[in-house]
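One chain is shown next in structure tokens, namely the form predicted on its own.
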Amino acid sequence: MSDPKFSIIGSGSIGIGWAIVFARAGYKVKVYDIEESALRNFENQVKNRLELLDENKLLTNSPKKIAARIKTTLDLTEAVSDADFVQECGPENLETKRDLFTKLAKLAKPDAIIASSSSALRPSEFASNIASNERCLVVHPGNPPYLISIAEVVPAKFTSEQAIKTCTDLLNKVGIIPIRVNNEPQGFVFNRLQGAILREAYCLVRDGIISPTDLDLIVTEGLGKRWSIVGPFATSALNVRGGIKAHVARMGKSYFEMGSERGQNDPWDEALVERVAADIESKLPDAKWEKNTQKRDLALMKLTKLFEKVIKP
């Protein structure tokens, strides 16, 4: 698909973000909403955000040229009739999404991908009973998607592998890293991870262990800074010579006991640890531990210098 066309249903904050992503990549976008005032606000917001991106040298075309690729409409048929990829960004409401997907399946081209930006509602909850649902799925972005270039691709059992491939290919075209999420877990992965941290954070504040402000500092100045370079599994592999298995041998019991305090019973059994280790250590082999830790440290040095430049006058 050399020149795909994109459609966005809903002109709120997520719709704004997706429109910038698609248009910035060089593609035409049609944006639908039911209210003209919402579309006027959308146009103003897109203009303002593109100008800010341009000021920070994050665009390769002018804001005016990018904005010209985006058209708005109050006509749903016009919005989706020639689209190859439809991104639904309506309210997080089950009945609303069911109604929208029923309409979209009738109006869109037979081979068009129909994706929802849902943060928690599963595709099987709103697309099970509509026609041609083999091309329906969730594509949940990080917010804002023009700065957080990742999206969860969540198929249902009825979603075809061809639709998943077409979807991930199109996301790659627009600079978004597609992450496949299997089995439709509630909240997918992004929000489950956020939720796990928030649940513990609230407990720690409740128990008088730390203030909310200081907890945020532990994340922004510690965990968050490190995780922006390497994720939690890679962090574990690089924190202990010997990789994932050595880290589990040293810390696994303590982490299990911390979870038990909160009523969890999720031991990391040997098969699970082997599975994680095989995946992570294929990219970060222990034989290159010193080299990889040095690469991590150099990246953190660059990040630290950048933060100092941004924060200091």
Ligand SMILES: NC(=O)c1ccc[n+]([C@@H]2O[C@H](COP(=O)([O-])OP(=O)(O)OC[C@H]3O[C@@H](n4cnc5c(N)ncnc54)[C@H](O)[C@@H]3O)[C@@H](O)[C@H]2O)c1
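Computed from a prediction, not measured in an experiment: that's the story for all the values here. The first residue of the sequence shown is number 1, and the count goes up from there.
There is also a form predicted in complex with this ligand; it is not shown, and the following applies to it.
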(message) Just to confirm, with a 4.5 Å cut-off on non-hydrogen atoms, which of Glu261, Glu35, Glu55, Asp269 contacts this ligand in the predicted complex?
(response) Glu35
(message) Going by heavy atom distances of 4.5 angstroms or less, which of Ser81, Ser160, Ser211, Ser119 would be at the interface with this ligand in the predicted complex?
(response) Ser119
(request) Please check if Ala25 has a heavy atom lying within 4.5 Å of any heavy atom of this ligand in the predicted complex. (result) no
(message) If we define contact as a non-hydrogen atom of the residue within 4.5 angstroms of the partner, is Pro141 a contact of this ligand in the predicted complex?
(response) yes
(message) Using a 4.5 angstroms cut-off on non-hydrogen atoms, would Thr96 count as touching this ligand in the predicted complex?
(response) yes
(request) Could you confirm whether Gly231 comes within 4.5 Å of this ligand in the predicted complex, counting heavy atoms only? (result) no
(request) Just one of 223 to 231, 86 to 94, 169 to 177, 237 to 245 has residues with a heavy atom within 4.5 Å of this ligand in the predicted complex, so point it out. (result) 86 to 94
(request) Output the sequence-ordered list of residues from 14 to 28 with at least one heavy atom within 4.5 Å of this ligand in the predicted complex. (result) Ile14, Gly15
